[in-house]
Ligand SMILES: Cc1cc2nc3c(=O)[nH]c(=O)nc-3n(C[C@H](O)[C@H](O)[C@H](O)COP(=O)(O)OP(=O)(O)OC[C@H]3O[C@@H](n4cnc5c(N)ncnc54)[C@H](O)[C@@H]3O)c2cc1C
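Just one chain follows, in the form predicted alone, and it is written as structure tokens.
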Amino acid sequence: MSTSGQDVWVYVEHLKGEVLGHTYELLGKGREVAGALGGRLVAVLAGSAVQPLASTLGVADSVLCIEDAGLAEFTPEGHGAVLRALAEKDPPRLMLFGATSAGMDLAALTSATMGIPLVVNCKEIGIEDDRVVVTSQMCGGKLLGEVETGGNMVALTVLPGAFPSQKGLSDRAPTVQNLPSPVPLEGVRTRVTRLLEPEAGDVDITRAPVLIAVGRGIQRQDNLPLAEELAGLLGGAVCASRPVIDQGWLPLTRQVGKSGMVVKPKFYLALGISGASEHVEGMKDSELTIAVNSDPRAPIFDVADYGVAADMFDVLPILTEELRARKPSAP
């Protein structure tokens, strides 16, 4: 392991035998930052029977693969203890985590227990004269702050979608160090009791090419079939902003936003959604966004490629009827 103190570590998130996509975003940016610092890029892969995943992390100079039955399920307590022990033995300059539920839990715990600075919701990382300069998003995206870190270790959580994942992909075989857990895990008190997933037969909105998103403007649950019919005609799925989910009209797995799912469909139609920053964080990277809102000053128009300032119930029937008329009749 390196003793330069300039290494960049990326915590690898994985689920059901697959590395999660935002990890490759971190690896791509980490590769760039490690080069600028003159250090190495190290991927930290912890779990049970996860060694095969190391082959997908070829952008890294080295993969620290820690396997233990106590790491089979992610818990901040168990994974945090392992990460802390590794970092205390060979401190890196930066530790990068995704700004996800798991990443934020782990980064905050690591920062607190190790007494190191933590910068959250980062959307840019640069090196200036050996100083790490980070742009952090605050107040739900309404403010951006520039933070300079000193020469000591610092933890960062990086917003999903901030950097391209392609730069984190490589066919190269990385150097893998298979290590036992550096700490005993028998005393870990946290246990995973349930994994919230789409119900059987439900769609995974993170994979849908077309999304029809509804917000407060849908008014009542009885109006949801209007959006569902349009989604069916376009070969897509219905999703929603948080107010609709909080009403229980759609399951949590259909929520788009900072506290829900991050989606990148080819087409995103926002119906009656104001465009609060929390929602925008989850859909801003859609290839094409069209917004319909009766308020011409709604923030959603700031991120939409096209906008219609009108009542969604005036636009939706016309659009549905036009698509229905163009849909070929069954033979």
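Just so it is clear, the structure is predicted and the values come from calculations on it, not from any experiment. One rule holds for the numbers: they count along the sequence shown, beginning at 1. We call the rigid core whatever largest set of C-alpha positions still superposes within 1.5 Å between the two forms.
What comes next is about the form predicted in complex with the named molecule, which is not displayed.
- Annotated contact segment (heavy atom within 4.5 Å of the named molecule in the model of the complex): 254 to 262, selected among 128 to 136, 154 to 162, 254 to 262, 76 to 84.
- Ile273 is the sole member of Ala34, Leu269, Ile273, Ala43 with a non-hydrogen atom within 4.5 Å of the named molecule in the model of the complex.
- Only one of Asp285, Asp61, Asp295, Asp68 lies close to the named molecule in the model of the complex, with a heavy atom inside 4.5 Å, and it is Asp295.
- At the 4.5 Å threshold, heavy atoms of Arg216 reach the named molecule in the model of the complex.
- Interface membership of Leu323, defined by any non-hydrogen atom within 4.5 Å of the named molecule in the model of the complex, is ruled out.
- Residue contact check for Arg93: none of its heavy atoms lie within 4.5 Å of the named molecule in the model of the complex.
- With a 4.5 Å cutoff on heavy atoms, Met312 counts as touching the named molecule in the model of the complex.
- Taking the named molecule as it sits in the model of the complex, the stretch 101 to 121 comes within 4.5 angstroms of it through a non-hydrogen atom at just one residue, Met104.
- Once the cores line up, the CA of Ala34 ends up less than 2 angstroms apart between the shown form and the other one.
- A movement of the C-alpha atom of Leu271 reaching 2 angstroms or beyond is seen between the shown form and the other one when the two forms are aligned on their rigid core.
- Core-superposed comparison between the shown form and the other one: the Cα of Ser55 travels less than 2 Å.
- Annotation for the pair Leu96/Met261: C-alpha atoms recede from each other in the model of the complex, by 3 Å or more compared with this form.
- Figure legend: C-alpha atoms of Met104 and Met261, shown here, are separated by at least 3 angstroms more in the model of the complex.
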